[in-house]
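Starting off, we have a lone chain in the form predicted on its own, written out as structure tokens.
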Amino acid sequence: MDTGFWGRLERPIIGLAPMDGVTDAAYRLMTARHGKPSLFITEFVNVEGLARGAIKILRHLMYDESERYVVAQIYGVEPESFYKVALLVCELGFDGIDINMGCPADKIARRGSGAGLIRTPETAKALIRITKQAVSDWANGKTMEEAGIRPKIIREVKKFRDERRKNSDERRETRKINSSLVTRHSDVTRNLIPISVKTRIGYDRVIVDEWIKYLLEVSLAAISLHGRTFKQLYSGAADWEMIASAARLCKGTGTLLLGNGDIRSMEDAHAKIKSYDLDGVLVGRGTLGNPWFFVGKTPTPKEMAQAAIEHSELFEKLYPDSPFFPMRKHLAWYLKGFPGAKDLRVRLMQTNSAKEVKKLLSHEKDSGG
């Protein structure tokens, strides 16, 4: 089985996990700049909304070339919508597609998507198959127009693609990133891209062996497995023994198995990979306010303040029409663990622009803490 870029990743694989409302384009770019992981996965994107023409959802599929390898995560329950959005993702030049089968949001699971698919394995397999079909059809020349994608979405996709091509040309000239990757992706080539799934060890009880066996029937490139059930949400500890059981099932199948849950440091990531015999891990909450996670760096208060300013400026640049308040939680995550941090966090929660953040943190940054 051709696993695409997954087979080219250096082992062990330690990637950035997708987190809804967190790992947007600004967050991922901060991580790419300060602590390059093995791969990036976008926030999940609703296929039904995008297939029906919700242009605003496309913002979740923004990415920068420095994020290579980068995977688009999608979710939903309608096969036709999966088909259209999978083909659209190919047009955008992503390295892979990840299907979310683990989201703990109750409103999503009730509709049968996200973690709800654990309860309907035949539907889950059907969605994987239709996604594969879309990728195959695109590789064989099918266009967005022929797939029935809305014209306004097609226009935005082409606009994004043109902008990325321009940026790629500029980067190639300044040699800021690997020229072979720029050449490969500035003009999208119609190659098959791999399909992966991110899921959980069960819905209301642990059924990891049964569930993983279902997924292996459709020959995925990789499975990322969170060590809690849907009902647990974030309570209790992630069950890494169950993740290890899934890894044993995947051995020799050509499907990689990555663990996820409660990883607090690079040392912890490497220890879990070794102890449970995994191909790798995805790290989520351990990276909050810590773009240095993947290089194992402990920042100074001055560096924390500088990163908060940099992130704020990136957010405004990438999302010029967005209100600033979604940025505030990131500011709180950055500023912690030093004298005066609590007071700074309180004041940062009142800021409404990168300019205000910079003004507030200038003394902290210049004084070095």
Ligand SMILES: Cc1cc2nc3c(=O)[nH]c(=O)nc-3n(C[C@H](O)[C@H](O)[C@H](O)COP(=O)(O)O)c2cc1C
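Residue indices: 1-based, along the sequence shown. Just so you know, these numbers come straight off a predicted model, no measurement behind them.
There is another form of the same protein, the form predicted in complex with the ligand; it is not shown, and what comes next is about it.
Peer 1: Just checking whether Y214 would be counted as a contact of the ligand in the model of the complex - the rule being heavy atoms within 4.5 angstroms.
Peer 2: Judged by the heavy-atom cut-off of 4.5 Å, Y214 is well away from the ligand in the model of the complex.
Peer 1: Verify the contact flag for F315: yes if a non-hydrogen atom of it lies within 4.5 Å of a non-hydrogen atom of the ligand in the model of the complex, no if not.
Peer 2: Outside the cut-off, so no.
Peer 1: Does V22 make contact with the ligand in the model of the complex, using a 4.5 Å heavy atom cut-off?
Peer 2: Yes.
Peer 1: Using a 4.5 Å heavy atom cut-off, state whether L348 contacts the ligand in the model of the complex.
Peer 2: Contact check for L348: no, nothing within 4.5 Å of the ligand in the model of the complex.
Peer 1: Using heavy atoms only and a 4.5 Å cut-off, determine which of N290, T255, N100, T229 is in contact with the ligand in the model of the complex.
Peer 2: By the 4.5 Å heavy-atom cutoff, the listed residue in contact is N100.
Peer 1: Pick from G76, G93, G202, G261: which has a non-hydrogen atom within 4.5 Å of the ligand in the model of the complex?
Peer 2: Residue within 4.5 Å of the partner: G261.
Peer 1: So which stretch, 206-214, 116-124, 276-284, 153-161, is the one near the ligand in the model of the complex (non-hydrogen atoms, 4.5 Å)?
Peer 2: Comparing against the ligand in the model of the complex, the contact stretch is 276-284.
Peer 1: Are there residues in 9-45 with a heavy atom within 4.5 Å of the ligand in the model of the complex, and which are they, in order?
Peer 2: Residues within 4.5 Å: A17, P18, M19, D20, V22, E43, F44.
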